[in-house]
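Read the single chain below, which is given as structure tokens and is the form predicted on its own.
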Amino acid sequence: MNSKLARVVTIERFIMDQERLHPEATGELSNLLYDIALAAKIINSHVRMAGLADILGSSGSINVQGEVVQKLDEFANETMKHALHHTGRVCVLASEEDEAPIPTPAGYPSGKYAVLYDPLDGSSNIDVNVSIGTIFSIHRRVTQQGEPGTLVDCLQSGRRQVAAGYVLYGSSTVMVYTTGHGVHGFTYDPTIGEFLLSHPNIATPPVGMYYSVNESNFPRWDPRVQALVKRYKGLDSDYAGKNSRYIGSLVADFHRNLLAGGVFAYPADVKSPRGKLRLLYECAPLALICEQAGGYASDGGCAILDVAPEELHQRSPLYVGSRDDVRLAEAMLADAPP
């Protein structure tokens, strides 16, 4: 047998192998991850048709975030709902595109997991063929079993996530996830329609070579943030400067830094004093992935995973990536020695 073929591991086989390591597992979380992988395949097929089918551009509506909804946003959001809502594994869904949580429909069994997701992060870039992604977060419900889930099931700190992941639709389509036992990445092979293990046990370096930040916001930042970015650039000390790499698509920037080492920052500024990124749909799931890979994520003052959410669409500053680079940010933003 070809040695390369002998090492091929599908995402289904990998999840099953991981499940066997935990005899107490019921298989529901495994099946939920399969459901998300299926949704990702469907979304990927439409992303690949962008420019050929009538799926580019604005849908003409504004979402709860006050942002213009793209046609692909709507498609991805509905795809995730259809893939997850009627399986009996989920009690409530929450999407960045919807104002309120969506409990299990009447007449369908209500499961033990709450799923929160950003269906298509960076979708405003799709018209110019920049990589975009889907981000998801899974919590075990805290309300009574058998009943439809509620907002309470969604408003849990990131530390209580049982799984989190993202799908990057780029030059190849990659699904990365963690269930609290390391971080693993799978690349989609369209010839067989399967995600194959390509990045086992991802570990991010403690110090990275890249910094990723939108420097057009520099005039609106706190002076401490300005000083931090100058430090990353190596302009104000003997600190070894980093290379600037900023795509402007969160999943793409995060994925590069996770693999190669680096820090992604989206600080608060005078226009967004509470930050811009969404705590539950973006910051918390990426924080769990990063910490499981040996990195760290902070809002500038404390670990993102320890922030107790108060609102479904709560925003937050975010510093995420190589551990020492993010710790430097916390130290400088606190006016303490790094």
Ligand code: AHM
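On a predicted model such as this, the values are computed, not experimentally measured, just so you know. All residue numbers are counted from 1 along the displayed sequence.
Beyond the structure shown, there is the form predicted together with the ligand, which is absent from this document and is the topic of what follows.
With the partner left out here, the ligand still marks one of 151 to 159, 108 to 116, 165 to 173, 264 to 272 in the predicted bound form; by a 4.5 Å heavy atom cut-off that stretch is 264 to 272. Interface residue among N201, N214, Q144, N243, judged by heavy atoms within 4.5 Å of the ligand in the predicted bound form: N214. Just one of I138, L84, L250, A94 comes within 4.5 Å of the ligand in the predicted bound form, counting any heavy atom, and that one is L250. The ligand in the predicted bound form comes within 4.5 Å of a heavy atom belonging to S123. Contact annotation for K276: at least one heavy atom lies within 4.5 Å of the ligand in the predicted bound form.
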